[in-house]
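Let's start with one chain on its own, the form predicted on its own, as structure tokens.
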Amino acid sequence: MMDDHPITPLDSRIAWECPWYRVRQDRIRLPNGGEGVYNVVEKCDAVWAVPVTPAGEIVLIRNYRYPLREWVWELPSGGVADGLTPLESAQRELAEEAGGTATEWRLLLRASAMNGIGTEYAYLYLATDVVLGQAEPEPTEAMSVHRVSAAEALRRARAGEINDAVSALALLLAEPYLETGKRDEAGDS
């Protein structure tokens, strides 16, 4: 039987930090009794929203990502703000990045976003009956809002054109709830 915690922290210090995340360096006891060092990225949890308009369109963001030095397709997303629940944070991100509001929200998945190096959990939501208004992105964000059919959004996710992995996953998880213009096995449209 495995011990619940086979790696034991011996001491810990913050090696580096900024307003968005920090790196904690732990001295640890390994399962074989030896010692080692493990660096852990401590980051707040994050949210992604799959926004679906009443017409069945998916709202995508074209976002410039400085670390990659390229424009990427992704879903509205962001960190869980202090004092807000993941759902409230998803609602805030949809409003901020796309000017959107939704009448219904469904949690699709909660999963570790960086389980080998960090603490961040991702909350993936489906937001339906989204009405778009004026987006108010943060000053550090360069982005534009686009509407595409559900079938096109899913095609892009499968083709790797949506290269934000969590956005692609959220779209694929939302597929059973989307009208894609395909008939199901029962022959319904």
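Heads up: residue numbers just count along the shown sequence, starting at 1. Fair warning: this is a prediction, and the values are worked out from it, not measured in the lab.
What follows is about the form predicted in complex with another copy of the chain, which we do not show.
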property	result
R62, I117 and T140 all contacting another copy of the chain in the predicted complex, non-hydrogen atom within 4.5 Å	yes
Non-hydrogen atom contact T85 with another copy of the chain in the predicted complex at 4.5 angstroms	no
In the predicted complex, L109 touching another copy of the chain (heavy atom, 4.5 Å)	yes
Distance check, T128 to another copy of the chain in the predicted complex, heavy atom within 4.5 Å	no
is_contact(E97, another copy of the chain) in the predicted complex, heavy atom dist at most 4.5 Å	no
In the predicted complex: members of 66 to 80 within 4.5 Å of another copy of the chain, any heavy atom	Y66, P67, L68, R69, E70, W71, V72, E74
